[in-house]
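Only one chain is shown below, in structure tokens, and it's the form predicted on its own.
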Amino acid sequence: MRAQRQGSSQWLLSLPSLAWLGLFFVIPAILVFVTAFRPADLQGGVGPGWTLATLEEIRDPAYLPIIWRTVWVSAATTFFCLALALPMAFHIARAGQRQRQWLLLLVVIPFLSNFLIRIFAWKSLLHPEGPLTQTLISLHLLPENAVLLHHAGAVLLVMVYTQLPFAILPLYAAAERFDFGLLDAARDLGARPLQAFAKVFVPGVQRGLISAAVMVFVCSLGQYVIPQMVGGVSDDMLGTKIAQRVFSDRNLPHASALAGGMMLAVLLPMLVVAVWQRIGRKEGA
């Protein structure tokens, strides 16, 4: 009876969160999938009836390089964010209380400014007349006619900057619970500092690594502002095409089909991994 009451209480406590997810994620996601099977209206809306024509349109081979670019830019962003966030989370977790608060404040302080303002700031820095470009030219690290804007490197740089806090925070949460005495034990057994970091600390924060990788990769997949503002004409990502279909072409079914396909591409692997982990836990028990 007591266990039943605890279960009911947990359901009641979870009810607001479930209602929020249902209202603002599940229902909109269903609407996106449903809209993909409706014809486009000449007025920019959704017409009556049902059709599979939109699914045929998104099989256009012209989308293949865009999908590939979206995947590799998102994967590279995830890799660089994790590579930078791991030592930062390690240092923050080992810092004293006062220093830790200041470091965490520095991590979250970009969120206090508008996202577009931060991108405009990077655009100004990378502009041919911008301070970063001019400084690198004056130090003879770049040729006189160097252009840092409007190519894939600029997109990757700004995406790493914007996504880095999403990697640091879950890794810090995992590192804070890590027993740093294990590193001292590894050092006592003869491991070098880098070996102890790679073979003891990194496996110890594995769950934080997975959370950080998922957050950064998923957020990067849907980016369209950064490629549009600092990328070139050949740096469009799938998010850019979805925005063009919505705002320029006014073709909501086509945009919904692209968004639904991207959503399935993210959700299905996560679902398979979750089921696989659950089966593994059952077999281990």
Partner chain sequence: MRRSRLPALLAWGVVLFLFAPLVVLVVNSFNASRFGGTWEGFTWGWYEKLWAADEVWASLWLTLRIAVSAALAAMVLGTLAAYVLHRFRSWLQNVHQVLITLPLVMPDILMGMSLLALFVLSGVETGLLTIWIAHVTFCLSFVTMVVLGRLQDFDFTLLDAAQDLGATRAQAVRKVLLPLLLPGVLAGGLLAFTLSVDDYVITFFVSGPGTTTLPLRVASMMRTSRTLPVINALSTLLIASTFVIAAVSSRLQRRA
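Residue numbers count along the first chain shown, from 1. Note that this is a predicted model, so its numbers are computed, not measured. So that the term is clear: the rigid core is the largest set of C-alpha atoms that superpose within 1.5 Å between two forms.
What comes next is about the form predicted in complex with the partner chain, which does not appear here.
Residue in contact with the partner chain in the predicted complex (any heavy atom within 4.5 Å), chosen from H91, K199, R177, R207: H91. The candidate spot formed by L13, R118 and R187 is fully in contact with the partner chain in the predicted complex: every one of the three has a heavy atom within 4.5 Å.
Contact with the partner chain, judged by heavy atoms within 4.5 Å in the predicted complex, is confined among 199-207, 164-172, 137-145, 71-79 to 164-172. The closest heavy atom approach of L84 to the partner chain in the predicted complex falls within 4.5 Å. For P131, a non-hydrogen atom is located within 4.5 Å of the partner chain in the predicted complex, even though that partner is not displayed. By the criterion of a heavy atom within 4.5 Å, S113 is counted among the residues contacting the partner chain in the predicted complex. In the predicted complex, the partner chain lies within 4.5 Å of some heavy atom of S256. For the partner-free chain shown, Q10, W11, L13, S14, P16, S17, L18, W20, L21, L23, F24, F25, V26, I27, P28 of 10-28 come within 4.5 angstroms of the partner chain in the predicted complex, judged by any non-hydrogen atom. Put the two forms on the same core and the Cα of A274 is off by 2 Å or more between the shown form and the other one. Relative to the superposed core, L264 undergoes a Cα shift smaller than 2 Å between the shown form and the other one. Between this form and the other one, the CA-CA gap for A174 and P16 widens by 3 Å or more, being larger in the predicted complex.
Relative to this form, A173 and L13 separate from one another in the predicted complex, with their C-alpha atoms ending up at least 3 Å farther apart.
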